[in-house]
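A single chain comes next, written as structure tokens; it is the form predicted alone.
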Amino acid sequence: MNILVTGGLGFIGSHTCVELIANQHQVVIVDNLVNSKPEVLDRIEKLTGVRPRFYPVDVTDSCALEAVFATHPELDGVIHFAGLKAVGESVEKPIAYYYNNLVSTMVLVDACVTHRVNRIIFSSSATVYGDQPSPYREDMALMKTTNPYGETKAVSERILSDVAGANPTLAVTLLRYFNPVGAHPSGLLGEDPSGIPNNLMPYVSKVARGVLPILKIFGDDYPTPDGTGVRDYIHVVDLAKGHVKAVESDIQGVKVYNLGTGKGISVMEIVNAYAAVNGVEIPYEIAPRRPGDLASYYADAGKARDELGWVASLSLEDMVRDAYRFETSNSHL
């Protein structure tokens, strides 16, 4: 199939492009490079032997996106990654998050309807479940989200579901995933955010390499086994393969799937595994809890297993080993 990937040079988007090409799909990428780098396109080509068409387009720009759709009438579907994604930052900058994440979704789905591109895979998040007991299941009622980032995902889900209800030929897959970490095993692709990282693993990586002096662990008094926050960390390559399964599935209407391992791992477990597997020191200090953070959550991923044939297979050791390999070999990216 011919698939447009928004945010396709970002962390999850780039890995998904590699897996799509490996499964004989044709890829077109749009990315505004706010949190990604153009060199990633070269890395995708090196890994796959294919250089996807790339447009430096902001998905909130309806005219620019319309030109991409007009140039590619062969498109069969869209995977929508383009969005701001840091929970803590969203609390500090709610307007930026609401504008970027919601407007991009509306502009994109409007273009899909206009050009009869009837398959949309949406990069959603476990944050839409709000604060309720884990494991999270797709049939749970969605509670009030705890931060603006989560709210943009929940509202985007409603927008896409409503548009699908008004357009019966439109198939929408909402992929609610948990905490993507790790990197491509080649060391060529990984998470390399601009500035100080907002997410745990790239922060740990930069402390391990000495770029940052110390890791801040936000809270050690949560009701968890070691007091630090517990999340369902999933290797980004497993996550990318889940998107390929969704693209290739015969989905009609609106479907929702969790993509996670089904197991919670604490921040301290991540730090200890990273240090042990890679033979490095990770100095850390305890800082106050961040607004919007939950104590613990993890997935029930049984529906994705049963309906998509997808299961996460890579381990915590794989996650931290691949993350460190990327950090030490591609820090110049």
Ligand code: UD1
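Just so it is clear, the structure is predicted and the values come from calculations on it, not from any experiment. The numbering used is simple: start at 1 and walk along the sequence shown. We call the rigid core whatever largest set of C-alpha positions still superposes within 1.5 Å between the two forms.
The following text describes the form predicted in complex with the named molecule, which does not appear among the structures shown.
- The pocket of the unliganded chain is judged blocked, since the named molecule, transferred from its pose in the predicted bound form by superposition of the C-alphas around the site, places three or more atoms within 2.4 angstroms of backbone or C-beta atoms.
- Taken together, the three residues F218, Y233 and R290 all lie with some non-hydrogen atom within 4.5 angstroms of the named molecule in the predicted bound form.
- Exactly one listed residue, out of N118, T145, S125, S249, brings a non-hydrogen atom to within 4.5 Å of the named molecule in the predicted bound form: S125.
- Partner contacts here mean any heavy atom within 4.5 Å of the named molecule in the predicted bound form, and among 135-143, 157-165, 109-117, 179-187 they occur only in 179-187.
- In the predicted bound form, the named molecule sits within 4.5 Å of a heavy atom belonging to V267.
- When contacts are judged by a 4.5 Å heavy atom cut-off, T71 does not count as touching the named molecule in the predicted bound form.
- Under a 4.5 angstroms non-hydrogen atom cutoff, the named molecule in the predicted bound form lacks Y257 among its neighbouring residues.
- In the predicted bound form, the named molecule lies farther than 4.5 Å from every heavy atom of Y298.
- Remark: with the core as the superposition reference, the CA shift of A240 between this form and the one not shown stays below 2 Å.
- With the core held fixed between this form and the one not shown, I217 has its Cα displaced by at least 2 Å.
- Relative to the superposed core, M106 undergoes a Cα shift smaller than 2 Å between this form and the one not shown.
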